[in-house]
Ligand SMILES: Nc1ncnc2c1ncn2[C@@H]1O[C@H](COP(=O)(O)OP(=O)(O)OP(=O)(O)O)[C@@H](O)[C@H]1O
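Okay, so here's just one chain, in structure tokens, the form predicted on its own.
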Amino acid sequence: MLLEIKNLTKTYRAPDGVHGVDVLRDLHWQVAPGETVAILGPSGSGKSTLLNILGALDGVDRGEVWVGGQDLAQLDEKGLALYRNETVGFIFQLHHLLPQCTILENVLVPTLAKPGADRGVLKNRARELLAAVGLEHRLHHLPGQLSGGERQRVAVARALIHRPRLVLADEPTGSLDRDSAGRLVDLLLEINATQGVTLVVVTHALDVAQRMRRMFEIEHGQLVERVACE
């Protein structure tokens, strides 16, 4: 398995510091390499919390999270930074592109954490990715000169710059119109098919979720698998 969760519990404390709410409760979950998975659930159910845990942006109160044979709890700060930068790629609802940087420069931002890397190789990789998402003619444009769908495609290219094994997408189509959302999902599935990247997508959109190989819903802190006809 690429991803394995064992007995995971995540609790958010109340303001009084005593009471709390278990957002995720004794959760067990496995995802194989190359799978495409959707996670559904109402706001506040823990979808984004789970994605943040998988991306090592948030910790757990109890349990284990294994990704690619690594127990995230055993990684020190340097190891966690390396994991976030190389093992996983993030795509968010808001693209978080730097407005003052060109599209090519934005895709290269994650590589700045590796000052000794070959800049020429990385720049070629960024150009190839932008060509793959249909933006080879936009390399030197600023984000403000692109449509919302184009900016999300730049975010996809940025997430792939270090050839991650796992891509985590948090409501990636949430700010897009229906046509742009469909094209973005097409792109993500094409990347999964051609590069073998494991894809975990958090979404409110049932039509997006149904295009993934497996579909889960968070209910009472647990992941319940659904079938497309439900």
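Remember, predicted model here, so these are calculated numbers, not experimental data. Start at 1 with the first residue shown and count on from there.
FYI, the form predicted together with the ligand isn't displayed, but the following is about it.
For this session: Report yes if all three of Tyr12, Pro42 and Lys47 come within 4.5 Å of the ligand in the model of the complex by some heavy atom, otherwise no.
Result: Heavy-atom distance to the ligand in the model of the complex: all three under 4.5 Å.
For this session: Just give me the single entry in Arg62, Arg178, His204, His28 that has a non-hydrogen atom within 4.5 angstroms of the ligand in the model of the complex.
Result: Partner contact (heavy atom, 4.5 Å) among the options: His204.
Exercise. Which of these stretches, 187-195, 157-165, 47-55, 63-71, has heavy atoms within 4.5 Å of the ligand in the model of the complex?
Worked result: In short, 47-55.
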